[in-house]
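So this first bit is one chain, no partners, the form predicted alone, shown in structure tokens.
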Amino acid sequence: MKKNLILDVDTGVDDAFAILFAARHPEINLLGITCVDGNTNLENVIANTLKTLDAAGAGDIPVARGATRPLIDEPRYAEFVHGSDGLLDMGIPPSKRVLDPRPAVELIRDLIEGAAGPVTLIPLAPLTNIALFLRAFPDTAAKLERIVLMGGSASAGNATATAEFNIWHDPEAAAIVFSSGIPITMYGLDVFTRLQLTHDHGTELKSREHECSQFSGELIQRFVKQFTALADQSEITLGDYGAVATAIAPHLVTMERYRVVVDTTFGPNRGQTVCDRRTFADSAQDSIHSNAPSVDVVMDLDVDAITEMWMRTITQ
């Protein structure tokens, strides 16, 4: 039986890798996609998402407009990584796909209520849309099988020394999601960069004739060039895709269950996902963590198998 998935994205290069996979994998029923500001502004995110679905050869998958900014903070984009348009300025013509008229929170509600079977929600972006959905439609949210999100870290950060970008972009939204009571899997920075591609992967994909491979190969090679200039490294990460892989192939990852608190203070650790890795005996007197939600945190993964699954799905 196919797995029902809804993606929430801020497309971005690695969101595009995830969308391509989810739209093409034979065991995924991609119910819809919602867009939120994050890597770039919302208009770019929407345009990039529609273009990526075109490249994937996807059918009529509804795409909805979400939040234009975090709940409290001003937007802070990552265009120095993803290019001024969020998709490395590839110059792709606008898609002719039509945006769904429903707001993101309503699309998520309708897709869950109308699904035949359980639904997994996969946020690959700041959690603003998801927090708004949880607040607007808690009864529908309770029907979710699980939330598998890309965000957070049980170790260091990237936006700051302690905070990962998606959580840092909207910590209040993240705190709402983590405390929702819905089962959560956190695919964070501890594994995020381990699924790596090189210029040669791009060459292999561009040797195939169909549009998805050509698009993916060009995206990889541009991203490698970008990272070579930014950080003098010749490998890039599949990034967000790993959360989708975790949702459909959890046997390929190793998870640890931790109590997690999102730091929403306005100090140097704002946006940190504080994972309590102590024993129960050590943490029993800590009222903050002892009452915090338990989250399944991905700490290890089968790099070769998960990377190969993406390549196979893109090229088939």
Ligand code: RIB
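It should be emphasised that the depicted structure is a prediction, and the values quoted were computed from it without experimental measurement. Note that residue numbering begins at 1 and tracks the sequence as displayed.
The following text describes the form predicted together with alpha-D-ribofuranose, which does not appear among the structures shown.
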query: In the predicted bound form, A173 touching alpha-D-ribofuranose (heavy atom, 4.5 Å); finding: no
query: A245 within 4.5 Å of alpha-D-ribofuranose in the predicted bound form, heavy atoms; finding: no
query: Residue contact check: F192 to alpha-D-ribofuranose in the predicted bound form, 4.5 Å heavy atom; finding: yes
query: Partner proximity in the predicted bound form: I130 to alpha-D-ribofuranose, non-hydrogen atom cutoff 4.5 Å; finding: no
query: The unique member of T49, N39, T273, T34 whose heavy atoms fall within 4.5 Å of alpha-D-ribofuranose in the predicted bound form; finding: N39
query: Contact residue in the predicted bound form, from I236, L121, L124, M186 (heavy atom within 4.5 Å of alpha-D-ribofuranose); finding: L124
query: Partner-proximal stretch of 203-211, 88-96, 109-117, 160-168 relative to alpha-D-ribofuranose in the predicted bound form, 4.5 angstroms, heavy atom; finding: 160-168
query: Members of 53-84 lying within 4.5 angstroms of alpha-D-ribofuranose, judged by heavy atom, in the predicted bound form; finding: H82
